[in-house]
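Below sits a lone chain in C-alpha cells, taken as the form predicted on its own.
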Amino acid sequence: MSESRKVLDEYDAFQLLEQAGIAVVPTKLVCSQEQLAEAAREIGFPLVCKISAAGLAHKTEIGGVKVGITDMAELQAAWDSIMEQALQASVPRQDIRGVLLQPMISGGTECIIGGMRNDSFGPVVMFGLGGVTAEVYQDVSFRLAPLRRIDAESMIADTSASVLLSGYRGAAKGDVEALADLLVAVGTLIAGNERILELDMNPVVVQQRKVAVLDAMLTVSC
C-alpha cells in the first residue's frame, strides 16, 4: 500500500521549522482584507505578499506572489490580484486560507536547502544554488543526515555557491558559518522526524551577517 502524503501550507511548514529551532523570515497569515492593515503595520513596508493555500507547491507560476509592496494601496491591489489569479488557476476556494505577509529582503546569495528520505540510504540533506534558476543549473550536493559541522562545510564547498559566498568580484561575503549551522539543523530535523518525507527551502538568502529562510515546502506522511 502506498504511503499517504500531505503537502503542508507554507505557514504550517514555517511553524514546524520554528518548533525545531530553525529561524524563518517573520511571517503573518492574513485571512481577510480587514486584517491586512494591522499585519502590515506589524511587519512594516516594503512587503512580500503570497497566497496561502493547502497543497500549492508553485505559487509564483499562478501569479500568487507579489514583491516590493510599498503601501496599503499596493497591498490591497496585491490581495485582489492574487485571489483572482488563484481562482483562474482552479485553486479550490476552500483550500485558500488567505495571504502571507513577509518583509521584503533584498541582496545576498540565493541558495536552496532540501531534505528527503531515500529508500536505500535513509535521510538525506541537499544544498545548492537556489532561486528561480535552481532547477535549471541543478548545482547541488548531498550528504546523509544527521550532519556533522564538517559535512555541512564540505557541502557548501562542493557547489558554485561557495564562490559567490566568498565575495565574488567585490560583493559582500555571505555568512557561511550561519549557513553551515542551518544545514546541521536541517539534518537533525530530517533524521529525527520520520514523518517528514520531503523538505524544500528555496530561496534561503545568505547575507553578510545572517541567513534568511524565505520560503519552505514540507511533505509529511499522514
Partner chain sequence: MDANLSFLFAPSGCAVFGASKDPRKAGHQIVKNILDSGYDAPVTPVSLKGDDVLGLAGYSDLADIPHQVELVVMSAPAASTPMFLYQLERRMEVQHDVKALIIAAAGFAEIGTEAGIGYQQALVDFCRRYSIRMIGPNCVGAVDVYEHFNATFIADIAMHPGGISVVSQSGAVGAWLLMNWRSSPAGRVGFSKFVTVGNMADVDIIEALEYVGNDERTRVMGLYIEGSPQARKLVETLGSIAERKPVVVLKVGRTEEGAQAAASHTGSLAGNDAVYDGALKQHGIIRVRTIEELSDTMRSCDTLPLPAGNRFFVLTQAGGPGIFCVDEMAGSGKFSAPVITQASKSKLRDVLPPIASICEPEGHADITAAATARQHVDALEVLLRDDGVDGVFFITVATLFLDLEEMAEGIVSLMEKLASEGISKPVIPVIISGNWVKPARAVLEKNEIPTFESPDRGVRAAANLIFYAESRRSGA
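On a predicted model such as this, the values are computed, not experimentally measured, just so you know. Positions refer to the first chain, counted from 1.
Same protein, other form: the form predicted in complex with its partner chain, not shown, and the subject of what follows.
Taking its partner chain as it sits in the predicted complex, is Glu194 in contact with it (heavy atom to heavy atom, 4.5 Å or less)? So Glu194 does not count as contacting its partner chain.
4.5 angstroms heavy atom contact with its partner chain in the predicted complex for Leu144: Residue-level check for Leu144: yes, a contact with its partner chain.
Contact label in the predicted complex: Asp158 to its partner chain, heavy atom within 4.5 Å: Flag for Asp158 set to yes.
Can you work out whether Asp200 and its partner chain are in contact in the predicted complex, taking contact to mean some heavy atom pair no more than 4.5 Å apart? So Asp200 counts as contacting its partner chain.
Looking at Leu75, Ile112, Leu101, Ile82 here, can you tell me which has any non-hydrogen atom within 4.5 angstroms of its partner chain in the predicted complex? Only one option qualifies, and that one is Ile112.
Specify the contacting stretch among 83 to 91, 102 to 110, 115 to 123, 67 to 75, defined as having any heavy atom within 4.5 Å of its partner chain in the predicted complex. Residues of 115 to 123 come within 4.5 Å of the partner.
Given its partner chain in the predicted complex, answer whether the residues His58, Arg148 and Asp151 all have a heavy atom inside 4.5 Å of it. Judged in the predicted complex, His58, Arg148 and Asp151 all sit within 4.5 Å of its partner chain.
Can you tell me which residues in 73 to 100 come within 4.5 angstroms of its partner chain in the predicted complex, by heavy atoms? Nothing in the stretch sits within 4.5 Å of the partner.
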